[in-house]
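Only one chain is shown below, in structure tokens, and it's the form predicted on its own.
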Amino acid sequence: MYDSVKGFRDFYPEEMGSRRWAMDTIEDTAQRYGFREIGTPALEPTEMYTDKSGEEIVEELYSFEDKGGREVALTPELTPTVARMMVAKQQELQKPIKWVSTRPFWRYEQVQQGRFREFYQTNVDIFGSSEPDADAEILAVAVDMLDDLGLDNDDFEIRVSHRDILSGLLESFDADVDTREAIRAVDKRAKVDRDEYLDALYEAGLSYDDAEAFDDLLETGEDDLDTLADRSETVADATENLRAVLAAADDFGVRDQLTLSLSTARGLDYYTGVVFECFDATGEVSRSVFGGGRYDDLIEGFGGQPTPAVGFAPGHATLQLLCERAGVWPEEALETDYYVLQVGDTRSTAARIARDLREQGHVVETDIADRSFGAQMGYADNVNAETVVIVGERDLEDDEITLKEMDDGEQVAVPVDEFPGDRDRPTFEDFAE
């Protein structure tokens, strides 16, 4: 008996039915906006990650030498791959480019709530537009995705900020501040106690008084946002851009679902503009459900042409936690429309009926194990068949079959030549007198 590898999960049919529903819903939302699906490899050269992040990144990768002597890694994220794809066809691709992809990724990290070593996410990205409308469209896709999953507006909160406001505010203090480390401290603000947070700002170069003053600025509300513009030209430009994005989001119909939160920083260094994170409004899901934002310099950093970009990537594990908390995650159960039950030498007729039902788009099972009547009924119950079509030798002598509804046991004899006929979903009620 073997155990699965830590951080990797098995999904049985009941679970996969619910997961497939979520994946299809997310992708359908993106595709309505014109995002086109791409497929990407599971393996990439390890140097794609070490060249950008240093050799220490290998500790977080599933990397190895393949049989050809090449150093490769299971992909931990999509962006380097997308950059490589864009470089390969940068002259052919018509901008803006709108891509969507659902797939697994792998990182060797600590397993915790909603975080695994093999994880699935859907990447939704726009490349080639620096306009506020592109940021707003990404936010609109995110909100519509949550709505399509059945979540109400009071189930989630999307907090919006701007990285250049944070960096501009930090640079406005008379101190030699490591902006990157200070923003990382802001990203952890809600996860650590206040003294640890202020210590991190101090270590980044702010005095404790300046750290307190900077933190007070993060509490600035939307109505007072323009008061920050006097701090620096960087802050003024970022404030204007953020307001433009929020105005566009209003036209896209999702402004009411967005909350200004300057303490939302996103920990990854590559973000350059508007950033956002989605949270469970009740706080029961303790970590960010997903996040995203603008990353205008990243494609160039991976060897591509300068390309503005914005996107987000909902992780399926945390999204499932939110849907379960809100009570909209579907029941994890098998679904079968019809079970065609055979009694005696009736395979040809049963196969014809099953074939006709499948052509109508129904989920249909029939006996392939030469089981008894009782065993077939038990199996039909186990796969949650809604209707059992009983094809018996005696019934066929009268040119009939029997329809049996599994929820209430009602059944009726039906002329075999009339079933399924041209009905979209023939049931007991269609034939009962």
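Please read these numbers as outputs of a predicted model, since none were measured by experiment. Residue indices: 1-based, along the sequence shown.
Unshown form predicted in complex with another copy of the chain; subsequent notes refer to it.
Undergrad: Using heavy atoms only and a 4.5 Å cut-off, determine which of K191, R358, R180, R194 is in contact with another copy of the chain in the predicted complex.
TA: None of the other options qualify; the answer is R358.
Undergrad: Consider the chain as shown here, without its partner, and state which of E77, E118, E332, D297 has a heavy atom within 4.5 Å of another copy of the chain in the predicted complex.
TA: Of the candidates E77, E118, E332, D297, E118 is the one lying within 4.5 Å of another copy of the chain in the predicted complex.
Undergrad: For Q94, is any heavy atom within 4.5 Å of another copy of the chain in the predicted complex, or not?
TA: Within the cut-off, so yes.
Undergrad: Is E59 a contact residue for another copy of the chain in the predicted complex, using a 4.5 Å heavy atom cut-off?
TA: Within the cut-off, so yes.
Undergrad: Considering only heavy atoms, tell me if G205 and another copy of the chain come within 4.5 Å of each other in the predicted complex.
TA: No, G205 stays farther than 4.5 Å from another copy of the chain in the predicted complex.
Undergrad: Considering non-hydrogen atoms and a 4.5 Å limit, does another copy of the chain approach M48 in the predicted complex?
TA: Looking in the predicted complex, residue contacts with another copy of the chain include M48, since a heavy atom lies within 4.5 Å.
Undergrad: Heavy atoms within 4.5 Å of another copy of the chain in the predicted complex: which of the stretches 214-222, 195-203, 157-165, 119-127 has them?
TA: Among the listed stretches, the partner-contacting one is 119-127.
Undergrad: Residue by residue through 1-36, which ones have a non-hydrogen atom no more than 4.5 angstroms from another copy of the chain in the predicted complex?
TA: If the 4.5 Å heavy-atom criterion is applied to another copy of the chain in the predicted complex, 1-36 yields M1, Y2, D3, S4, V5, K6, F8, R9, D10, F11, Y12, P13, M16, R20, Q31, R32, Y33, G34, R36.
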